[in-house]
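Subsequent text provides structure tokens for two forms of one protein chain, presented individually as structure 1 and structure 2.
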Structure 1
């Protein structure tokens, strides 16, 4: 069996002892004595563990990507390069990201600081920070309990996009495609990285009991929070042909292993529904690792991409040795956390049709306790198509957080069909949502709140799209729904 091979802070590593379920964070701290990287939560929610991994296939060219080392299993690094805070520089010879944090008093207790430095590190080399929200988004995956963030923001602004010409820039420029191929077993755990579809199908046939994994931002929690052992993982991450956004006849094909950050970069502008939802999705570190396929296949009722994509008439592309089949995305979710995937089948990608020509109003909403780095209380992808007379000819109102699966509001949609697109019609349809959903109360919100917000979002959608049919979000919106103000 193979060894784990990756480059850590410029040193080639050949690791043959660590069990495959080992997270990079534990490896760094416990086996490598690299304690600059901290653990604040082990669930991707604080950013203290942030490191940077070189992604040669990143949208926009090879780039260092900030990721949560607490959710990264060592085999996911196969063939890759990773740097931790220690490699950036030292107290005597700091990297600009480090110097900026020190000089701006970006640290108080200092515990969050190495992780923030790594997020700013990514920002240093980004060339696409052309809107202020992008820097917010870059940093919102890092919690700081001490500073109140103002000095961190100033530290980040001072160096973001400065593109220092240095070793890291050089390494990114010279990045070559990664060969992730791996079959690694230690301590009763196995991890396979097939790199071709054929190898993947063969593995799936040989190991029907295996769990699939892509970015691991969801699955790894079973290891880091529930302390489960996952004895056999097959990763789709390295399989050729599954990553990337490509324009195809009538729309786009979004590869299942495409990280959400890449989807945001590729389509956030062109499809405001996606751009809006991704703005509120997790945080930069999560979007750098988490994939579209993982988000859909985990089939969470509070997953954010399903409502957005369902409203856009997306189709799931299911792949297997037999070839591909397509199902409308709403039919992909068959029950609570259950998908239409058959044994031996994976999600290969998603087809999103081009809807630009239609008289379409579309937007996405996400309501949570905190706007950044939070899970939805209620989310929605809402789209209506009008005829020339202003009557609704198609309505797709998809909600998350309202039922056991991401679900369309059949009665509310029916109430709208054929009606003129007016406030009265929308308010009447909103009342029908009570027939479509019986939401639960939990620690994220009460049933009352969910039901009220769902109704209000529909009204908000009407008001918001009165002026702009497919609106983008402004910088730092107060709310997910933008009501025109005087």
Structure 2
């Protein structure tokens, strides 16, 4: 079997002993003695383990991406470049991210500081930090319980987008697509990285019991939090043709292995429904690794993307050796944690049609106990189309957290059809949601709470879209205190 080959802090690594389930975090600390990278939560929530990986296929060109090393399995790094906080600079010549943190007094106990520095490191080389929310988003995946966020944000603001001309900028400029091909086995564990569709079909036929993985932001938790051993993983991350956002006839094709950060960058403005949902989907580190296909194929009833996409008439593109077939996305989810994928099939991508004319009203909502870095209690993707007389000719009201699968509210939709788009009609339709859903009570919310929130979201959707048919998410600072300058 192959060796694992990647570059760590500028040095080539050929690893032949670490089991495939080894996380990059544990490898750095236990096998390489690079203890600047810390373990906090081991589930991608705290940011203490943040490192940077050079992504040659990033939207807009090769880029350094801040990621959670606790969720990265070593085979996911095949052919890639990794940088940890130890390699950024020295005491005599710190990296701008380090110097800015020191200058603005952004560190106290220091435990979280290396991860924060690595998030600011990514910010240094980004050219798209053109709105305050984007800086919030860059930092929201890093917890600090000592210093407070104001000096940390000031440190990030001072260097964000500065694009220093240094070796990291040079490495990104010279980056080319990497070959992730790998067949690696150690300690009773196997990890396969096919790079062509043909190789993938052959592996699926030979190993129908294998688990598929892409970004690993969900599946890796079985290793880090449930302490499972995953004996055979097949990664689709390196398979040609599965990544990217492409304009096609009638809409867009979103590749299944496209990181959510790339989808947000490509379509967040063009399709506000997606931009609204992706803003609070997760931390920047999660969106840099988490993929659209992974979010859909987990078939979670509280997955964030399904309601938004269902409301937009999205279709799942299913691929196999025999070719591709399409199903409406709402039909992709057949039961709790089960999809319409047949043996030997994968989710190749999602087709999102072009938005209808000016009479389309569309938005998405996520309700959780906290605004950032939290799992939905209830989510919704809502869209209605009106005729020239202001009557509803189409309604697509999709909810998450209300049933065993992401689901449309058929009764509420029927109540709206043919009706004028008025508050009275919307309030009447909202009462029909009780016929569509019988939500469960759990630690995130009671059945009563979920039902009440769902009704309020439909009414709120009407109120919000009265003036702006497809509203963008307004900026509301959460992790910082904003004091106007006199």
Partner chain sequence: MMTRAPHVEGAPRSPLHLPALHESAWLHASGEAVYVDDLPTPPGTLVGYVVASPVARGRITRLEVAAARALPGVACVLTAADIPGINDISPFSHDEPLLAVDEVFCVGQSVAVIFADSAARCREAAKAVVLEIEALPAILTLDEAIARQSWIGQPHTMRRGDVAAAFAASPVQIEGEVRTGGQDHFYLESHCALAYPQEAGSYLVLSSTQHPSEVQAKCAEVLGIDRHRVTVETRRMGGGFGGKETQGAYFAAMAALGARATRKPCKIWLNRDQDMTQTGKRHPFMSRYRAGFAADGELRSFEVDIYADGGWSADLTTAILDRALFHLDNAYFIPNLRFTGRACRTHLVSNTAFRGFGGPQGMAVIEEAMNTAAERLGMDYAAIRARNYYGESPRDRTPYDQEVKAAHNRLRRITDQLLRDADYDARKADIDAFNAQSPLVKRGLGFQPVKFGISFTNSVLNQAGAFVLIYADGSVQLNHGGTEMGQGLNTKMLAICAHELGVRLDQIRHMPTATDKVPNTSATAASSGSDLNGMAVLAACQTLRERLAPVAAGLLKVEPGAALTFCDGQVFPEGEPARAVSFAQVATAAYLQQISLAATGFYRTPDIGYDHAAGRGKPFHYYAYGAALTEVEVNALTGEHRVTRVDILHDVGDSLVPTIDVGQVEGGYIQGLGWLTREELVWSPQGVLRTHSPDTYKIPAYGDAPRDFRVQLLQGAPQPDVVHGSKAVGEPPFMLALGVLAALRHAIGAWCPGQPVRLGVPATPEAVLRAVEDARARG
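Here the rigid core means the biggest group of C-alpha atoms that line up within 1.5 Å when the two forms are laid on top of each other. On a predicted model such as this, the values are computed, not experimentally measured, just so you know. Positions refer to the first chain, counted from 1.
- Only structure 1 is derived from the form predicted together with its partner chain.
- The two forms, fitted on the rigid core, differ between the two structures by less than 2 Å at the CA of residue 210.
- The two forms, fitted on the rigid core, differ between the two structures by less than 2 Å at the CA of residue 386.
- In this overlay on the rigid core, residue 342 has a C-alpha that sits less than 2 Å away from its partner position between the two structures.
- Here the two forms are laid over each other by their core, and the C-alpha of residue 357 is off by 2.6 Å between the two structures.
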